[in-house]
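A lone chain, given as structure tokens: the form predicted alone.
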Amino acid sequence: MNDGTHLVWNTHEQKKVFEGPIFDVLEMKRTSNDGRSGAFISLDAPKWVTVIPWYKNKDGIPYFKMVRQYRHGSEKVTIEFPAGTVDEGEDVMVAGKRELLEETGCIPHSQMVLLGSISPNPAFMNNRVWFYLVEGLECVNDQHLDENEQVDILEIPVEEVLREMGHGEYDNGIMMIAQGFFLRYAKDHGGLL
């Protein structure tokens, strides 16, 4: 069976062409196995983590704790799961707990479950994003947001989030991926929907 190794391009040179606060831009000179060569751009971004906080309310209805915030790239307000970047040298799960606490003031009531990790856009980004499920929360603090963050905390029924994802304020591709991981987990672990 063909494993795709004939598709790999070899890197001969790599240099940073832009250094920014969120990501750097790298240029690589690469050659294919059949002799073609070219220059390619990659965003050198930090790891990301997304936490899916799930719980049932007093009536037994499944809910997500989510956040609403303005996104400068799309120039829109979006509804998302708590998420953020992983600091240099920081454990991804620790970063997830930190982001959850900073954005919502809550900590996991139980162990965080790793749902998966993917490359958010392998065409030109070199980072990965991890997705964790938290079943149950304990709110212990107020928000501790970064200097330029403004975040509303929302509690939204799971059914509504699943129905609206990809529309209106639910316009974030990473959240759609998070939903896919959640649905796969929910299929194998009943009672979450």
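Residues carry their position along the shown sequence, with the first being 1. This one's a predicted model, so the numbers in the text were calculated from it and none came from an experiment.
Absent from the display: the form predicted together with another copy of the chain. The rest refers to it.
> Using heavy atoms and a 4.5 Å limit, would one call H109 a contact residue for another copy of the chain in the predicted complex?
Judged by the heavy-atom cut-off of 4.5 Å, H109 is well away from another copy of the chain in the predicted complex.
> Though only this chain appears here, would H144 touch another copy of the chain in the predicted complex if you measure heavy atom gaps against 4.5 Å?
No, H144 is distant from the partner.
> Classify R184 as contacting or not contacting another copy of the chain in the predicted complex by the rule of any non-hydrogen atom within 4.5 angstroms, answering yes or no.
The answer is yes: R184 has a heavy atom within 4.5 Å of another copy of the chain.
> Consider E135 of the chain shown here, and say whether it contacts another copy of the chain in the predicted complex, taking contact as heavy atoms within 4.5 Å.
Outside the cut-off, so no.
> Report whether all of S117, E149 and I174 sit within 4.5 Å of another copy of the chain in the predicted complex, measuring from non-hydrogen atoms.
All three within 4.5 Å in the predicted complex.
> Residue by residue through 58 to 91, tell me which have a non-hydrogen atom within 4.5 angstroms of another copy of the chain in the predicted complex.
Contacting residues: R68, Q69, Y70, R71, H72, G73, S74, E75, K76, V77, T78, E80.
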